[in-house]
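Single chain ahead, written as structure tokens, the form predicted on its own.
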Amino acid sequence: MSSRIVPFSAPNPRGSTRVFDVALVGDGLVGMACAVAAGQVGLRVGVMAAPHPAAAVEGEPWDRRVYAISPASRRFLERIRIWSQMDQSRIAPVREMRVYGDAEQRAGVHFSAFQAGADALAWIVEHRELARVLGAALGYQQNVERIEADAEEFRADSQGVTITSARGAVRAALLVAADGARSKIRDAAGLASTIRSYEQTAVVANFATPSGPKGIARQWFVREGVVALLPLPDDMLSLVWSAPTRLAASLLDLDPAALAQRVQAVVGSDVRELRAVGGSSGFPLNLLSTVRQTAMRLALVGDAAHVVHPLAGQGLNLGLQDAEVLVDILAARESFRDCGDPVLLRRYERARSEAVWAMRQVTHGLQGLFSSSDQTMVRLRATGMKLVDQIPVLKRALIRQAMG
């Protein structure tokens, strides 16, 4: 893809040009949520993305990929009338979070919704269920048009931006890049990004267990990485094991029963009688950051702008907050400004920079702290976790930050 900042004057050789307030490239979860929200506030939106196969594994009762939706993200999904359309029987509230340190120390921190005065700390939802409802919502939005083609080139000028594809050209006041961590739009616009591999892979799988109370998310920081077991309905748990690359490869080679035994060996008696339900998948883990989240007539949202370590479960939440803030700024714009006005883009970038920077620092710092095998660091983090658990004010502050 190429990007040229030139005046748009030549006619589109492939047909007429469709005109929108916002052109959005990408139809992942954040992109669809952004398009739905923008359409609901009266903006004309063109969503450009080529059809792609479903990521979920057919024949398994639960999607291997799940997300912890924060209260702030739930409020946004409720506001755009997505939450109520999801199958509530497939959503699990997280009422407690138990975090454990090194196995030798067993130091832990316990967070609860009761401490926060909330119904839940988060809600665990499946990728495919959220994608299903967002996709259906796009189809019902009169202001939103789907264009099933990849963007090939875009040209921006002071009056707008033109995106070309095999299905013709699109003209808009603003281009929103929601095309993921390998964003072609971001790179074509010359927005510098840095990507750093954690040399880890997130191994995901689902298990059934009869043990323990429901609604508890557990996370172990151990020498083999970060192991999280998240609650699902019907006595189910979702595994997210952020493991060093070589270990992850061996875990992915295990048959389901052997993987269950391997996970059981890490978590011990906290969760008992794990039984695999389906296979496993792996996702390489990286840290991606951009110096800018906007350019001329362009805004980045979601993974196109930032990718963080999943140990805090905040990646999707950051992206949904991008979408909400951007749409709110566009909806509240002065009557003399179009959606791509540089003043609006500066407002969006300022509104998101602190939250994104803070989450990046927290997740990156924790990953570095708990990946060290130095015995001094082992003792230090164990002591730190004990102190956090014993200071209610600090715990409440951490809970409020995580809940948005």
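Note that residue numbering follows the sequence shown and begins at 1. Computed from a predicted model, the values in this text were never measured in an experiment.
One more form of this protein should be noted, the form predicted together with a small molecule, which is absent from this view; the next part is about it.
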**Message:** With a cut-off of 4.5 Å between heavy atoms, is Ala49 one of the residues that contacts the small molecule in the predicted bound form?
**Reply:** yes
**Asked** Does the small molecule come within 4.5 Å of any heavy atom of Gln293 in the predicted bound form?
**Response** no
**Asked** Any chance Asp150 has a heavy atom within 4.5 Å of the small molecule in the predicted bound form?
**Response** yes
**Message:** Considering non-hydrogen atoms and a 4.5 Å limit, does the small molecule approach Asp27 in the predicted bound form?
**Reply:** yes
**Fill in**
The stretch from 110-118, 313-321, 75-83, 250-258 that lies within 4.5 Å of the small molecule in the predicted bound form, judged by heavy atoms, is 313-321
**Item:** Single option in Pro93, Gly180, Gly160, Gly168 placed near the small molecule in the predicted bound form, where near means a heavy atom within 4.5 Å
**Value:** Gly180
**Fill in**
Checked Ala172, Val240, Leu232, Leu134 for heavy atoms within 4.5 Å of the small molecule in the predicted bound form; positive is Val240
**Asked** Is every one of Tyr67, Lys184 and Leu285 within 4.5 Å of the small molecule in the predicted bound form, counting heavy atoms?
**Response** yes
